[in-house]
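Next up is one chain by itself, shown in structure tokens, the form predicted alone.
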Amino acid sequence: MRYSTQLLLGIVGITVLSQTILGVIAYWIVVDADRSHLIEVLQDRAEQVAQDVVIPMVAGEPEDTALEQSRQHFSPSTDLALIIDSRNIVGIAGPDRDHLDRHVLLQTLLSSGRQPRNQSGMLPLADGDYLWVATPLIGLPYRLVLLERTETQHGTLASKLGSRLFSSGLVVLWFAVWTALLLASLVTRKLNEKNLALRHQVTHDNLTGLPNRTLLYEQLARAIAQPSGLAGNIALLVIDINRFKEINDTLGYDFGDQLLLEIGARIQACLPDNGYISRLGGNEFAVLLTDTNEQQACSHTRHILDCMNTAVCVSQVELEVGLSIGIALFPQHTDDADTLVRYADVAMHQAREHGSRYMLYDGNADTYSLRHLELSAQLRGAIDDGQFVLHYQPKLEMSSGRVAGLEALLRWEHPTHGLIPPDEFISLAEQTGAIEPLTEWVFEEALHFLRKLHKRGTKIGVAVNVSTRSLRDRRLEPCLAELLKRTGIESRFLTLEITESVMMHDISFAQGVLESLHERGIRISIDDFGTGFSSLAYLNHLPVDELKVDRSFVLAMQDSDSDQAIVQTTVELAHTLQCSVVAEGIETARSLEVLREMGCDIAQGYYISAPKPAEEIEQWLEENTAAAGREKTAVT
């Protein structure tokens, strides 16, 4: 029920209730006043009747006859007239004389107080209430009592009073209703103004005045909820201001607020008619484009970016401000409003990570998916449940063809998703802190397997990949020392493969850690060499034993002279630094032959063997050893 209707009904109800209460009070006040007046009139009549009835009674006329004559002459409206003493009714007259029990009448009259003497009041009898007055008969030992029914007087009074109250009540009620309508109208107007102001505050950004996330979701839900024939395609753009935190930290938050106002105004100015802008919060804006396909969405995005080509001037400071924009499409990517916003935000992060000005949502590259959240939550439990396994890929020595070692490759045997490669869960392990126990498990598993091979006479080494987080873990070195001691493996059989980018992230720290590990006899290999930004000056001072040529160069060198030149240069550089060279990604006999001609030391790839579980690699090693023995015998 609306507040104005409640107010109207409340005022009318209060008016009716107050009218009723005041009417009852007025009724009893008037009844009391009328009763006093009737008693005075009845008292006067009683005195006249008393004077008139004494003479006939003294002359010997019967009391009833004398009383009846005096009543009819002086008080004809009196219903009952009595002459009484302290014990009896001496005479009685009036129309009600035959309807009343004289004994009961006398007892009731006397029980109302002491014997009536110039008294008055109400007398309740069986057939109704009577108003009575008493006065003495001068010269006689009696009293005169006159009684009149009160029903007729009260009924007439109530009727008259009721009609007047009804008339005045209608006037008051009419006035109250119009007053209530006027007040309700004023209150409703004020409430509507406050509600509009409150809704604007709730649905708009306080700084820029633009619609906020709440209103964006309403607009988006309304657009999606259109009938299929009318909804059309929808594009949602999430826009992020690059380096905004740096600007805030350098120039202050007030400057940042002014920059947000300027950027928001620029974006709004270059939107088409079907564009709707909102501020999501922080340094992010969103643009909703209705009736827009993929090509049009990209065209509008480029137009927004072009609007930012000119410098932004805020408080006499000129800045070149860049934007990262993510685009998600309805219904191509999703048919849900919440998911559409999330996909556009993911696409924005993808654009920023790839250094691109804008990107369409790519589900295959979505690292923020529900699957990733699920894997993050299950990661630690998977370690305890033994869901992780190691696969091993062999490396061959180019000159002799014998097995030079194995690379341990981690896999997650998920009960629902099957075999998950490390690229999908290593970053999650680093984010959740599960990388430490996972790394420790990998080293322990690999070294125990290596001990098993050594006991069988296969004296080869094993290489294990080390992540950024693990390299910075100060417990890594004592953990490896304890594991090598417990398994009895010589440290020269353990190789740590560290990616180029990990090592160059903090070169001074990495140098200290690597030198300490190298002093223990552990070999150091730089993985994916050539893909990062290595400095040869630093490389010359690091304790590196091995360089691994990235597979992308090996795979492409047959079709690209430049890639082949990179591989040749890497081989020569490694030998100059007195390092061995491992080429991974060998998938053809021709690649193996080319690398042998280049002087590459060790080969690794699917042409030699795919990564295999421990049991299968044992069998492969036996077969390879037997085959090598047969070849040696044949040559001999």
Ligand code: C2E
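Keep in mind that this is a model prediction, so the values were computed, not measured. Start at 1 and count along the sequence shown; that's the residue number.
Not on display, but discussed next: the form predicted in complex with the ligand.
For the options 293, 203, 387, 467, the one in contact with the ligand in the predicted bound form, meaning a heavy atom within 4.5 Å, is 467.
For the options 336, 473, 528, 563, the residue carrying a heavy atom within 4.5 angstroms of the ligand in the predicted bound form is 528. Relative to the ligand in the predicted bound form, residues 407, 442 and 584 are all within 4.5 Å by at least one heavy atom. The ligand is not drawn, but in the predicted bound form it has no heavy atom within 4.5 Å of residue 518. Using a 4.5 Å cutoff between non-hydrogen atoms, residue 555 counts as a contact of the ligand in the predicted bound form. In the predicted bound form, the ligand lies farther than 4.5 Å from every heavy atom of residue 458.
Among residues of the shown chain, residue 423 is one whose heavy atoms approach the ligand to within 4.5 Å in the predicted bound form. Heavy atoms within 4.5 Å of the ligand in the predicted bound form are found in one stretch of 480 to 488, 539 to 547, 320 to 328, 458 to 466, which is 458 to 466.
Taking the ligand as it sits in the predicted bound form, the stretch 593 to 618 comes within 4.5 angstroms of it through a non-hydrogen atom at 605, 606, 611.
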